[in-house]
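Next comes just one chain, in structure tokens: the form predicted alone.
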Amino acid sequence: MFIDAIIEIFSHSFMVRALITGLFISITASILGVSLVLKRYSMIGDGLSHVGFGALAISTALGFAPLVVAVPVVIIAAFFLLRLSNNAKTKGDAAIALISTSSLAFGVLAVSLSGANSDLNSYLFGSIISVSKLDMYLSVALSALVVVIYSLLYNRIFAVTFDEDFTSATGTNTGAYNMLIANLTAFTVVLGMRVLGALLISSLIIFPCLTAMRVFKTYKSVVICACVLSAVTFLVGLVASFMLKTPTGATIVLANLIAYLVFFVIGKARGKIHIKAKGA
């Protein structure tokens, strides 16, 4: 039955575009998510997605090309978000709340005053039908870029993630690496909103990393496991939504939640076995 559903999926061009786009975005988000979660910036995806929605809503209301407006706006927001997070008076969680709620408010006001509503629901909740060939090509290019950058700068990203102060003391420009991660996250969020929507895209960043950390303990193993988990849960969620006629974004998040619970149980069981082995 699962195989039949996959075969049927490939018979629809819009499903193929959604599958390719979603898989590449999922892998990209999981790679970036490991550093974001470990650096306690896990909600940056949520904040940036709200900014993206606000930018998309305003650009649609004004008749501009959505992605042309959203990408630079979200990148600028990522810069200010990092700045605010380092401000002693405005910490990370407050900065995210400040930016995300303001962006949502501007977006809602823009839609309300203009009367425009086309495509906004797809950005808010996700819509596999709205995924275009451009979205697909951009997601593939973005994923390739992230993998190449991550591979080339793996050691420095690892160092910045775990001990930013020490890495800065060695002469490394940690701010540049933080900004690089934030910018790549901004691109990922804007493209991923097509599939999961502004309200759910952050799950692709948070869930795979947290799930992998339930069982694996080294940085490299967590990254690899998170990538595999993200791709598998997206595929399962997409096929399940197609078979059950349920909202795609919510079904994918539910698949991630189930995977997290399974890995949580496995991690607890392994811990108990390890304790008994030490006791023996």
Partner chain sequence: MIICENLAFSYEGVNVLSDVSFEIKSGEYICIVGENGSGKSTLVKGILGLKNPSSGRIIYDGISKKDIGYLPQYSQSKCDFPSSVYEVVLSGRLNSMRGRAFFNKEDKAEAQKAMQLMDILRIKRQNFSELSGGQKQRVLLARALCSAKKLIVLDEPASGLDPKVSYDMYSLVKRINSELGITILMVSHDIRSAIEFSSHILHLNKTQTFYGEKEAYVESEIGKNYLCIWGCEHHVH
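Numbering follows the first chain given and starts at 1. Since the model is a prediction, treat every value here as computed from it, not as a measurement.
Although not depicted, the form predicted together with its partner chain is the subject of the following passage.
The candidate spot formed by Ser203, Phe263 and Lys268 lies out of contact with its partner chain in the predicted bound form, as no residue has a heavy atom within 4.5 Å of it. The candidate stretches are 167-175, 185-193, 128-136, 98-106, and the one lying within 4.5 Å of its partner chain in the predicted bound form by heavy atoms is 167-175. Using a 4.5 angstroms limit between non-hydrogen atoms, Tyr219 touches its partner chain in the predicted bound form.
Contact between Ala159 and its partner chain in the predicted bound form is found at the 4.5 Å heavy atom cutoff. In the predicted bound form, its partner chain sits within 4.5 Å of a heavy atom belonging to Met213.
Its partner chain is not shown here, but in the predicted bound form it comes within 4.5 Å of a heavy atom of Tyr154. Scanning Leu62, Met243, Leu38, Val228 against its partner chain in the predicted bound form with a 4.5 Å heavy atom cut-off leaves one residue, Leu38.
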